[in-house]
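There is one chain below, alone, in structure tokens, taken in the form predicted alone.
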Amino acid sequence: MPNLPVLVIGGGPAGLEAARGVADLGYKAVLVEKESVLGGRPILESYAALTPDMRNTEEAMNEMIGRISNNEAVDIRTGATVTAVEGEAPNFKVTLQNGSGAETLDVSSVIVSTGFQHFDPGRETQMYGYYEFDDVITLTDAEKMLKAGKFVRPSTGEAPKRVAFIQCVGSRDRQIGNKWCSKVCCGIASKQASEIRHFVPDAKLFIFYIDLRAYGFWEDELYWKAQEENKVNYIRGIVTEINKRGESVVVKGEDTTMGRPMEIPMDMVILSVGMEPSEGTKDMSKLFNLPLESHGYIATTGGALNTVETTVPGVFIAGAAGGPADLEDSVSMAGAAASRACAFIRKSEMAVA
């Protein structure tokens, strides 16, 4: 087994899978996570169930964590961040900072899996009233409620009778610079609407969308089930404003199918917030001199044919560090990144021999 490990930065699904992949291929890995726990966004944001297979999030993440936590080939460092790097692959020197001070590690290659952050709806022109109205929440807020097993209006604690999802909040919006589709929001809204149906069977559920994007099996597993089995109403429309009227939050905009204005009172509105590059992704791009692509994520070298290799030899990416990614994308990229990192080390060893 080689002496120098692969450094995996980020302990979310992509990082966990990358570390496991490196170990399975017979190499050592050091997994660094800035938070005190592993699991990434699904754990930190208290996701109830994963999309699209509806697996219990804690159960699934604990399964991924369990695969590496007792693996002698994986050195896990939580509560630590990478603050400096010197040299080049396969002889990087990286500095880790944790609560007890700084430490320097020698590593052979690097996999950046620093994930994404959710769009802050307060950054948009405030027209959705997220910080003004208690009954306007985000997908992540709703996920916490679903995990807690109780879906109620924040303002009253009562079961809502009318719930609306607003799609593309912080996605596909050129005015704020987020010109990309975040890929997962339509599927997650459909998943949550179906879950809400079980908590409040009599509620009217609406999803307002520009155009519905449910990729691959998500179409059948989430979209059609939401419509046909859980009676979720999909309305093609553009929401421009949410106001408060009495006890209701009023969705205003245009029904683009009918070509007429709409104004619909709701008990709750859920904003389907999109993805943005995380602060960790931005930090690591600067530290390792990794160029960003035009949307602000770390650029790769091969487009669709090479989604994990960067312009810096020996540095690879996995998951949403490289752009909007669902769980399947992230885990698949992690496997590819682990394979490429180990292949890089192997070639380096052969070149020296």
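Numbering starts at 1 and follows the sequence shown. What you are looking at is a predicted structure, and each value in this text was computed from that prediction instead of being measured.
Just so you know, the form predicted in complex with a small molecule exists too; it's not on screen, but the next bit is about it.
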property	result
The small molecule contact at S190 in the predicted complex, heavy atom, 4.5 Å	no
The small molecule contact at P160 in the predicted complex, heavy atom, 4.5 Å	no
Exercise: W218 in contact with the small molecule in the predicted complex, heavy atom 4.5 Å	yes
Contact flag, A337 vs the small molecule in the predicted complex, heavy atom cut 4.5 Å	no
Residues K244, V251 and D255 all lining the small molecule in the predicted complex, heavy atom within 4.5 Å	no
Answer option from N230, T140, N91, N71, heavy atom within 4.5 Å of the small molecule in the predicted complex	T140
Stretch in contact, per heavy atom within 4.5 angstroms of the small molecule in the predicted complex, of 74-82, 198-206, 145-153, 102-110	74-82
